[in-house]
Each structure stands twice: as structure tokens, then as C-alpha cells.
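Only one chain is included here, represented as C-alpha cells and corresponding to the form predicted on its own.
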Amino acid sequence: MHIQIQNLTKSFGANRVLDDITLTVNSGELFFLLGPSGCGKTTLLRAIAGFAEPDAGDIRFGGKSIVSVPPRARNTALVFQNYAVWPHLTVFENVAYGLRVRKVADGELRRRVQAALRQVGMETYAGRKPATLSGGQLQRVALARAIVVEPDVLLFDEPLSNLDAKLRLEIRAEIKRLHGALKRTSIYVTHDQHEALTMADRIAVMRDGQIQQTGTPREIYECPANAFVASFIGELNLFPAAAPLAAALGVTVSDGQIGFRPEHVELTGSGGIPARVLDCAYLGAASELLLQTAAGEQLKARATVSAAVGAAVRFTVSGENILFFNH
């Protein structure tokens, strides 16, 4: 299902939550809405689902406007962060609920529920109650309940935020696998940059109700549109273009800002810019160093070697890895 969002606006009182949003989601795409809390991403998802009526603008599914179509008629399915399962129903009945509402015949209902549970690895739990399941299992039930109705559009509202780190990785892989198998158009809301970078086909980065940049994970990480996007997607060392460090790196412009990623800071045995190690954090595959230059500028570096606090080091950043921002 191809989705077009055109000049969408939504306010709550004097607070404009969506500010002239225009966006296209391609058919079969796993599309992420990424941004900090309060940026409008969940309101946009709710507008697509039909739970938030926009003040202006249009939403089109397959070229047809659905703004006036009630939620139940949009053929979408929403996966919540809090699972939203019925505690008094078995796993089977939780998954079957949407089909019963649609008055699907018993034989077809049973076949589709069993198939959905099998797809998420929960077929042996069909007779269990939610209270006996782990958080990861509950989210699998929620996934099965969403896909069993065969929606045109799958909507995910921060579905992994209630899970611990290990389960997040597990369910993240499960959602990506399911998407690859089902090829349903999917829109996924998150504030987690790692989820977006590892799962998305494309990402829209939002801030204050506006889209800052849309692109593939690689495009957004390597060619950010502005300093906010660069800082939100990964870590960034950011300095005025007129700063002493910028001059030491060979930057000749004096307006705006420059930025570079910690992994692009190269420690050199000789030459380079002198600095002192303020802190060293061991990350397993690498160490993260906090460095301070003679001018007092602080920056992060990620290296495969560690260094003692207080040690003198030298570093450089290749010109191709320096980002320039005018705003």
C-alpha cells in the first residue's frame, strides 16, 4: 500500500504538533518515524491510523484519501508498546479477536490464527493466558494479532520500549524477519536511533512537528541535512567553524559549524593535534576517549586502543569526514 501524506497539520490548543507534514511511504516499505519525545511522531502515526483527526492536509492510501474514513475501515493494524492484550483471554483468543469482529468463519479463523502464531513462534502457547508469558512472548502475541487480520498497513508505536536489551534485539530481528516475509507497508515510531539504523528501509527524522530529513539510514548518517539530524543519529563532535580546532583541522570557512563522528577521530603516533585524555571508557570492541585540546575544546574519539587518563595523545580527522552546517 502506497501512502502519501500531504501538508498535514495538527494542533492541540496553541501547540502545533504537526506542522505541514508532507511524506511518501512506498508500498512494502519498512518506514521509520524517528525523533525525540514530543516531536509529533506518535501523533502522526495516530493520524494515519485514524485516531487523531488532522486540522488540515490529506492522507492517501493507494491514491485514495482516507481522512474521513473511520479507523476500523482503514485496514490498518497497530502494535502498541504495552502489548494491549486481553488478560482474561488465551493467546489463541487474543489473536482471534480481530477476526471474530470481522465475522470470519470458524474454520478460516482457526487456520489464520494458527498460521499467525506459527509465524511468530508462539503456536505451542495458544492455550496459555497472558499472565504466564514473558514480555517478549507478549510482544510476539501482539505481532500475531496484528498480522492475522492481513492489514494493508502495519503501524508500530515504540513496540520494544518495554523490553530489556536482550529481548529488544530478539524482537527487533523478529519484526524485520516478518516484514521481509510479509512485505506489508509498515510505519514504525521510535526514539531509538539504533532501531532505526538497523531496521529501516527509510527514515524520516522529526523535530518540533516538522520533518528535518528523509532518507535511507546510510544517507541520513553519512549526509545529515543539519546539525540536529547529525547529533540525533549517532554521536557527533560539534564546533563553531571559527574554533581553534577547526583551524587546526584545516577548515578554511568561518561561518556555521563543523562536526565529525567519534569513530572518525584517528589517533596518530606523531604529528596531528595534541590533546590530553580526560576519560577512557571500555566498550568491548573499542574504547571511547574523551579528549581535550590545548585550547580547552573537548571531543570524543572511538579507538581500538585504550589510553590512560591524563596521557598525552595526538589525533587528526580526515577532511572527507568533516561535516559542515550552516544552521
Partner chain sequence: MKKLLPLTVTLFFAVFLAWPLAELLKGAFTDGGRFSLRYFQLIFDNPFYSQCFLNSALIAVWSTLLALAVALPLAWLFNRCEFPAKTLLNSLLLLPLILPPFVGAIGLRQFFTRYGTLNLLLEKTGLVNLADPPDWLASGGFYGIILLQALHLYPILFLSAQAAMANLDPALREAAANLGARGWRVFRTVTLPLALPGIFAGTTIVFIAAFTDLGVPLMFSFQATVPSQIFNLVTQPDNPLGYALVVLTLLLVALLFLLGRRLGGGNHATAMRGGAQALTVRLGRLPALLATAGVLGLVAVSVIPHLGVVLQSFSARWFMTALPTEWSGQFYREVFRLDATALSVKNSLLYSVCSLSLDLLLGLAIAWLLTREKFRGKALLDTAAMLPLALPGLVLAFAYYVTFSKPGSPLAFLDPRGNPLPLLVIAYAMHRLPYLVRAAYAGFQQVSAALEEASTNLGACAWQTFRRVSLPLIMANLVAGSILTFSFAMLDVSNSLMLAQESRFYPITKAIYSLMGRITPTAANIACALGVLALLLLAAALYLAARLMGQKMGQLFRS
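Not measured: the values here are computed from a predicted model. Numbering follows the first chain given and starts at 1.
Only in words, not in the display: the form predicted in complex with its partner chain, which the text now covers.
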| query | Do residue 276 and its partner chain come within 4.5 Å of each other in the model of the complex, heavy atoms counted? | reply | no
| said: Is residue 80 near its partner chain? Define near as a heavy atom within 4.5 Å, in the model of the complex. | reply: yes
| said: Residue-level contact is defined here as any heavy atom of the residue lying within 4.5 Å of its partner chain in the model of the complex; does residue 71 satisfy this criterion? | reply: yes
| Hey, in the model of the complex, does residue 76 get a heavy atom within 4.5 angstroms of its partner chain? | yes
| field | its partner chain: the contacting residue among 166, 194, 102, 177 in the model of the complex [heavy atom, 4.5 Å] | value | 102
| message | Which residue, 218, 88, 183, 110, is the contact with its partner chain in the model of the complex, using a 4.5 Å heavy atom cutoff? | response | 88
| remark: In contact with its partner chain in the model of the complex (heavy atoms, 4.5 Å), from 46 to 54, 26 to 34, 296 to 304, 266 to 274, is stretch 46 to 54
